[in-house]
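Here's a solo chain for you in structure tokens, the form predicted alone.
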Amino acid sequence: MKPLSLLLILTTLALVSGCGKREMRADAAIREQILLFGSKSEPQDLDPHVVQGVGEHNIISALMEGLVAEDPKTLNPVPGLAERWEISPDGKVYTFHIRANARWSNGDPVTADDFVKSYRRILTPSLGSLYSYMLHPMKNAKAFNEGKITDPAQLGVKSIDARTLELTLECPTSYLLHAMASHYTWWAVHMATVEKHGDPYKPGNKWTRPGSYVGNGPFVLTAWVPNSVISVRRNSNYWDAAAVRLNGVDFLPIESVDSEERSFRAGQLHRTEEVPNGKIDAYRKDNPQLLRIDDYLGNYYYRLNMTNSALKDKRVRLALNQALDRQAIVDTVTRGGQKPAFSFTPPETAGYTSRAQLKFDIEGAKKLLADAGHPDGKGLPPIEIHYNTSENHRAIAEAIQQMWKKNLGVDATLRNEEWKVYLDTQSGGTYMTSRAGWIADYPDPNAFLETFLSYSGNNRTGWNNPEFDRLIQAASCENDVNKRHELFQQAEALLLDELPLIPIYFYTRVYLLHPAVKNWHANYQDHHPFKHVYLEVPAK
């Protein structure tokens, strides 16, 4: 064949192949068993003892595992790093037996002492963990966390031997196993690694970077490109590595809801964090197989800064609450089957529904505001609404802004910040009202109400009520369900009377999911243990 003829053939083949349909990233990733996971925002960190947020939980749950794990369908507690456990007859002592083949990603055995040291770390006051109160059911944990006890040996945790951990509680805690399975505060860190990279008892330790991170879960951290991708790949030292079907997960922080949806349509994602509110109806009509709307045990609400002079009068806070048409918000703004929230705890949470309920009452709200010295909003400074960057959050804030103006004559301004800055603003209390969301860590009223304890790192409103604290503490030690629920009723009545918050709606989980994603089960926390998930080429 002449060189010119060969060149013509090769050129023609190149042109033909170039005109063919280009393989989308999501399709290539299915073959490679790499889940492409929209994670909304750049994570605050990947240290389970200092972070907060759903996005952080998703990534950490790929890298870490607790003594107790979650059933992928029901989220009921199942053996994790512990192959079994016993509970004493009085319900106060738990003995966990760690698997002989449980390993850290560097090959070190997972030991009982790892948990002893980790629990001491998260409870050490200098670390400033916002979730340290999750461990307060442990004997002396609250006193140690508050600096009233300084000897860590007095904490109710000890290693009987290398593979046996004993946990002693202040009183029987019915939700303990659920909390240990679902929340990273109860998971261990590899203390030798943490100590190698800085002070383990102060924030800012750099052990969570690729090449340094040592975990004990099904995957290991291989890449972290800020605002681009966090990649995890199979951990060959994981005790149950043979059961893991994914080769990895790429977490893609896409802050814009619109951009994330476009990425999904362009074949760049298998799962989105959200769906633009304005596109939900179109997906319902045209692509219902891609749209997921699942029950989700959570409350979308606004925190109110109780130290702000304009919000100190309870009548102002109640007026702002009563002027909101929550039904209109879920019908015309969110559009995802959410329910208006007139309490903080979602109805029928483990059989509990708050008797105390807020209401939509424009005339009552006007009178309250006038009685507080602000008829038609006069003299009240603009209410600043603070939220983390999101088109959906902005749409809700704009609806509330309009309702306050129309119904009360109150002006409002909007302030959005990217995730990390938003968290710093909330923690520093430099906001007036601030968007928040709370998803239950376990199916119990306590999972909601304990966040408003005076010493909870997740309160962040400046509200402090000793009677509320007493009621929640009493409920945590009450075994009679009816008596326990009555304590919660009294506590929630106090919360809704003093109102350091504005409940807006009870969540549903609205997102897009590629048909290739298998073993993905709807559940009240939107937890999907990655060791059970896999990808399968969809049938044509």
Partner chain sequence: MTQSPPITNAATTTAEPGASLWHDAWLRLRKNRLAIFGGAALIVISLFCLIGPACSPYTYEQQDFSQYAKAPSTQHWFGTDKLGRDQMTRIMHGGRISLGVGICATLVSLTIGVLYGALAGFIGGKTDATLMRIVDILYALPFTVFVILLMVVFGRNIVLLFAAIGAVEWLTMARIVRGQILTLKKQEFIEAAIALGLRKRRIILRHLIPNALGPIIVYTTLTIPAVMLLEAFLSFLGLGVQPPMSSWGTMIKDGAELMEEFPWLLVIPAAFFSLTLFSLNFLGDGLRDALDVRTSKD
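Small disclaimer: the values here were computed from a predicted structure and weren't measured. Residue numbers count along the first chain shown, from 1. The term rigid core refers to the maximal set of C-alpha atoms that superpose within 1.5 Å between the two forms.
What comes next is about the form predicted in complex with the partner chain, which does not appear here.
Participant: Taking 258, 328 and 332 as a possible spot, do all three reach the partner chain in the model of the complex with a heavy atom inside 4.5 Å?
Facilitator: Every listed residue reaches the partner chain in the model of the complex, so yes.
Participant: May I ask you to choose, among 277, 106, 88, 464, the residue with a heavy atom within 4.5 Å of the partner chain in the model of the complex?
Facilitator: Looking at the other structure, the residue within range turns out to be 277.
Participant: Just one of 310, 241, 399, 162 has a heavy atom within 4.5 Å of the partner chain in the model of the complex. Which one?
Facilitator: Residue within 4.5 Å of the partner: 399.
Participant: Please name which of the stretches 339-347, 96-104, 411-419, 165-173 has residues with heavy atoms lying within 4.5 Å of the partner chain in the model of the complex.
Facilitator: In the other structure, the partner sits against 411-419.
Participant: Look up in the model of the complex whether residue 389 has a non-hydrogen atom within 4.5 angstroms of the partner chain, and give yes or no.
Facilitator: Because a heavy atom of residue 389 falls inside 4.5 Å of the partner chain in the model of the complex, the answer is yes.
Participant: Taking the partner chain as it sits in the model of the complex, is residue 290 in contact with it (heavy atom to heavy atom, 4.5 Å or less)?
Facilitator: Close contact is absent here: in the model of the complex, residue 290 is far from the partner chain, nothing within 4.5 Å, heavy atoms only.
Participant: With heavy atoms only and a cut-off of 4.5 Å, decide whether residue 306 touches the partner chain in the model of the complex.
Facilitator: So residue 306 does not count as contacting the partner chain.
Participant: Going by a heavy atom distance of 4.5 Å, is residue 262 a contact of the partner chain in the model of the complex?
Facilitator: So residue 262 counts as contacting the partner chain.
Participant: Suppose contact means any heavy atom within 4.5 Å; which members of 493-530 contact the partner chain in the model of the complex?
Facilitator: Contacts from 493-530: none.
Participant: Taking the rigid core as the reference frame, is the Cα of residue 424 displaced by 2 Å or more between this form and the one not shown?
Facilitator: Comparing forms between this form and the one not shown, the residue 424 CA shifts at least 2 Å.
Participant: After core superposition, I'd like to know whether residue 395 moves between this form and the one not shown (criterion: C-alpha shift of 2 angstroms or more).
Facilitator: Shift of 2 Å or more: yes.
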